[in-house]
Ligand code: GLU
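One chain follows as structure tokens, the form predicted on its own.
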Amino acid sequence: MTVRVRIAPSPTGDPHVGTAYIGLINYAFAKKNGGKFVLRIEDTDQTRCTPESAKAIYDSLKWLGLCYDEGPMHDGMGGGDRGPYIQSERVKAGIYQKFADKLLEQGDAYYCFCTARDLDAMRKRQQANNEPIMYNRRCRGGSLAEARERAAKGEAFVIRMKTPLEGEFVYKDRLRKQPTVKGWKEIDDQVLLKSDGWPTYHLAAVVDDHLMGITHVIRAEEWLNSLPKHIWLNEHLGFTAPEYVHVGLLRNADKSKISKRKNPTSLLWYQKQGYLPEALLNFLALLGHSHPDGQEKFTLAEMCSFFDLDRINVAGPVFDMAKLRHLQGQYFRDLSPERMKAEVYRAIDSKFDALLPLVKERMVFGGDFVWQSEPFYADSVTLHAEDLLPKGLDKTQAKHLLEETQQAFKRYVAGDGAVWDAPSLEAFVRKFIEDRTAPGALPDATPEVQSEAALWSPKSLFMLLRVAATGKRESPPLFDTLAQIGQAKVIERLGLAQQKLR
């Protein structure tokens, strides 16, 4: 058996660092076993998927050095005889409809004509009765012939899988001490084909894995709940199921699932910040694996040589930015003079055109650009407690304002469609101040905090933000400055400013 593994990201935004983590594990497993590493683009959610996001996935994998053996053709990568490797193209070829029809003919799936209103009413009844939220199988017992007649007349429908009503599902994952056990009656009759004829993830992934000859599906543990459905679909479609292996989710320091509210999650951010791909890969490798001799620094090729899937740590690997910076420093200092110089030039050039208009009014000589632009390039800035006290504020008040604003920024960047540019930031901050100062804005707050509401003036907060972000009382326009420094550094510096006020 030739080992064949895949990653299957959805192009709905910036490529996620979690995709790189899962991709690395799959890549190393394939290379260790002389197998193939496949990329499949799962773009069945046509309302959110974009060609730009797909291109970012291709480019990020190439930047990391995780070049796929089969997949969409892009910049020298891809090809293969198991395509198309983009699901929307497979939809157009009618691949998924054929397998849905097979399940219908076997009596293992059924037409469901429940409307959105029906489903909403059903959920509300279940919530009111404290029952599990799942489809109540109202359409399950209908005649296939009658259902097809209704569908032929234009009545909207979806196709659902007919899960067992009794018994248990049991699966022993090689990485987990306890088997996965679920009662079938707790498992929903999953939608397989949506009303527009497009498949859900479950049908599409199972069918594609079979047709692409995938032998091992190595994925994050968040898919464990879907495992019964995927095993069931393999069995009832007559497929030999791949081995499913579930690795731990990347975690923040507090053990919560990694999210952009607490850590940068976009691979593009790490590339833009100047992280070296070999350092990032080494860091990701240490999260779920380790060198057999305890060696901290090793190359991708070395990892592929000693990789052992059974030694993967599934106990919630913690994404520690300090550890990543430590490795980045080791790799950076080992660069050749030529490559180090290229990295320095790249870092300067990446911001130069945007920064020069901001700082030129304060320049007298060309060298002035260096110190004027220092807050934009530096990893941290020097803060003085006295500069963090606008007139009328004491340390407790200033710290509280910084803390509230930092949390607001975290919520902002975690929101869908958040844009970190000067106009958007100014609108957000001014609205934030307006909400905090509105009558009754803090009804449940302590008297001390209530009195602080009067201190939420733009003048005070803008000064606090300026000093916390730049270490200076004077800077180019505040929101242009925040935009150029970047969301991760601004949020981090607001936290450091709070510590300075303790």
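The first residue of the shown sequence is 1; numbering continues from there. A quick note: this is a predicted structure, and the numbers were derived from the prediction, not measured.
Missing here is the form predicted together with the ligand; even so, the following discussion is about that form.
May I ask whether Pro9, Tyr201 and Trp223 all come within 4.5 angstroms of the ligand in the model of the complex, judged by heavy atoms?
Each of the three qualifies.
Looking at 157-165, 215-223, 306-314, 117-125, which lies within 4.5 angstroms of the ligand in the model of the complex, counting heavy atoms?
Flagged stretch: 215-223.
Is it the case that Glu70, even though its partner is missing from this view, gets within 4.5 Å of the ligand in the model of the complex, heavy atoms only?
It does not: once the ligand is placed as it appears in the model of the complex, Glu70 has no heavy atom within 4.5 Å of it.
Along 27-49, which positions have a non-hydrogen atom within 4.5 Å of the ligand in the model of the complex?
Residue within 4.5 Å: Glu42 only.
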